[in-house]
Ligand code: NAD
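Consider the single chain below, provided in structure tokens and representing the form predicted on its own.
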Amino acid sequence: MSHFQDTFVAQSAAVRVRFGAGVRHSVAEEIRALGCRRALILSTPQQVTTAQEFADLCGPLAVGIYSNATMHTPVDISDAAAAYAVQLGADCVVAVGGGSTTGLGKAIAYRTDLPQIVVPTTYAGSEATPILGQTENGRKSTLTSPKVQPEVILYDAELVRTLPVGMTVTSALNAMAHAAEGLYAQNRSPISTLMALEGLRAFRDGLPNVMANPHDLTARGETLYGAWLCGTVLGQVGMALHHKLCHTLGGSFDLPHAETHAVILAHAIGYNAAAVPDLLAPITQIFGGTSPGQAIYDFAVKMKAPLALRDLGLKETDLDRAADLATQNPYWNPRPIDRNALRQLLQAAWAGDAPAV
């Protein structure tokens, strides 16, 4: 049975994507192809050594390094980074890292319109989207603009070969969330659905092999392929309850981004499966089991992912406030947002219990 819909709109951004072990060595070539000559290299403080390696690869095309990318993309840091780019006369940015660095590159581009080259070192997938999430005064908000869509993405399996297995798993589940919510998105298309399903299959097949042998470049490449597909889905359709909950927990309680996605995903899918069982049925076909939420939960258990919000630092006394915040300005969702049901969902996620079916 095909995924045909009676009516739909499909839109794809003009992004150059390159896959291959060692493709990072072509970064200078990609800078020149953009017509640029003064690249600012971005990283987190923990990845400044990698940033220096990229500066060396760029040679005279690198104008400097900014290594203060921070989780949840705080507005004050983005303002400072954009000012630094202007001060140096940068004509493009090269963001090397995970979601924090990618987010900073997007924030700079939003403020300056500089083109971006992104070299992911995790599986977050945000590099494939025109979406920027920013945090200010304890609240996380998102915007969508073609100005923040990166122009070039280089997926190099060698760069994720040393990513610790625990971070690999949480980052992968973060990416899988984009695909899972894309299956019931209000503006989904047959194309986004095909990419979502292929992305989930890539993680189903590749992630266990990465766990068995983290240095397996083929397995690492397959999971990067999954990240690209899932991220592209995120860039084409709207997200729903899962992302609202994660933005609330990350922005207001400072929970770690990927780990929060890993915990919440099964519960959000379980919540929505009651409203759209047919749209989520492919998840059980891909991962096995009898219900979509349980299938995701069981896969997370097998991958030894974090299962409980309490292990991420959320207090049980925070759950009422989290439920209140998550029901304010809710995202569109296939199942109506019920505060009591949402509070029960958060309780189960806090405790690490299986999702309600």
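These numbers were taken from a predicted model, which means no experiment stands behind them. Numbers follow the displayed sequence, beginning with 1.
There is also a form predicted together with this ligand; it is not shown, and the following applies to it.
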| property | result |
| --- | --- |
| Partner proximity in the predicted bound form: L183 to this ligand, non-hydrogen atom cutoff 4.5 Å | no |
| Contact label in the predicted bound form: T290 to this ligand, heavy atom within 4.5 Å | no |
| Contact of P146 with this ligand in the predicted bound form (heavy atom, 4.5 Å) | no |
| 4.5 Å heavy atom contact, P150 and this ligand in the predicted bound form | no |
| Candidate stretches 201 to 209, 82 to 90, 263 to 271, 117 to 125, one within 4.5 Å of this ligand in the predicted bound form by heavy atom | 117 to 125 |
| Contact residue in the predicted bound form, from I108, L224, A258, C246 (heavy atom within 4.5 Å of this ligand) | A258 |
| Candidate from S78, Q236, T193, S100 lying within 4.5 Å of this ligand in the predicted bound form - any heavy atom | S100 |
| Residues from 133 to 161 in contact with this ligand (non-hydrogen atom within 4.5 Å) in the predicted bound form | G133, K140, L159, V160 |
